[in-house]
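First, one chain by itself in structure tokens, the form predicted on its own.
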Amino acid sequence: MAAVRRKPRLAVWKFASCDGCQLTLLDCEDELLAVAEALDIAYFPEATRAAVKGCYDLSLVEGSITTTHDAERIQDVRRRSRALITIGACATSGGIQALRNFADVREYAQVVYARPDYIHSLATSTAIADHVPVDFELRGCPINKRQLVEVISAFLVGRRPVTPAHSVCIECKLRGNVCVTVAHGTPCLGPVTHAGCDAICPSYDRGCYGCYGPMESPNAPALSAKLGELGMGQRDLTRIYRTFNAGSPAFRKESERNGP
């Protein structure tokens, strides 16, 4: 009698984040049943209280490292995971909370909390890859559900995921959008931002906000020069690079080049 083959075990982990990227998996709707059929969802607190102890074949990790406890916990997650994939801007670049990297986090705590002495937090918010080896990074705030399904499918068949490396500008061209910067003078991060959102903001005549982080080899100084010609001052240039992916090296470097 042939032995029953065990389905790969999937674990979904949360660190400092808003849960939006985890919810993207639940939002897969039609695809979710196929994912559940192919994988044993062994640990996913957002969806179920059930937890299978031990090791996992695939771990999806959302969120950044902001406490000493999480810095220790991600080491344990890595040890127990055959493959570890980070999902979302928090996990891949430190997220919006990486704004603390440009300031004194103790000052923030004193402003926000009545008892800041209860807050035990690291001075920085950092990506998962800054602490442990990562097998693949899926960007976005939140991530694209089609790309998430592609990543899981690629894992199941043992190949590298196919996700675009080009900029949002290519997505605009594919959708037939008129360039908001050229036509209207609207500031837009599309030329330096990783594709994946289907150019949703430019499709509604708004500039790209850089939700998917920097594309491969972005020429941010050239874009900043163009935005400067449109009237954007150095303070505003600093601010546009310090949003969801403020901690990504390319955006961080360009923001610092334009201001403190």
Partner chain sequence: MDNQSVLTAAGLQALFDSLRRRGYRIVGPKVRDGAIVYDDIEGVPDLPQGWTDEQAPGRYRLARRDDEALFGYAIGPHSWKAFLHPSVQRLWKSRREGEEVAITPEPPSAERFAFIGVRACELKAIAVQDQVFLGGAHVDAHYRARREGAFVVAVNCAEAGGTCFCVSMKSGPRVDAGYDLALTEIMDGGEHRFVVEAGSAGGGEVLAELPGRAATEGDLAAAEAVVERTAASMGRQMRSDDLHELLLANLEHPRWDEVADRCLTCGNCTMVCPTCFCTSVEDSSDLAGVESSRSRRWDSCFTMDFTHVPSGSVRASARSRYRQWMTHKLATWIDQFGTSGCVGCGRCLTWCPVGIDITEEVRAIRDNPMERGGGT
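Computed from a predicted model, the values in this text were never measured in an experiment. Positions refer to the first chain, counted from 1.
Although not depicted, the form predicted in complex with its partner chain is the subject of the following passage.
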Residue (of 31, 40, 198, 57) lying close to its partner chain in the predicted complex, criterion heavy atoms within 4.5 Å: 31
Sort through 141, 127, 84, 152 and report the residue having a heavy atom within 4.5 Å of its partner chain in the predicted complex. 152
Given that the partner is absent here, state which listed stretch (112 to 120, 72 to 80, 85 to 93, 167 to 175) has heavy atoms within 4.5 Å of its partner chain in the predicted complex. 167 to 175
Residue 179 within 4.5 Å of its partner chain in the predicted complex, heavy atoms: yes
Non-hydrogen atom contact residue 35 with its partner chain in the predicted complex at 4.5 angstroms: yes
Does any heavy atom of residue 191 come within 4.5 Å of a heavy atom of its partner chain in the predicted complex? yes
In the predicted complex, residue 26 touching its partner chain (heavy atom, 4.5 Å): no
Those residues of 222 to 248 with a non-hydrogen atom no more than 4.5 Å from its partner chain in the predicted complex are 222, 223, 226
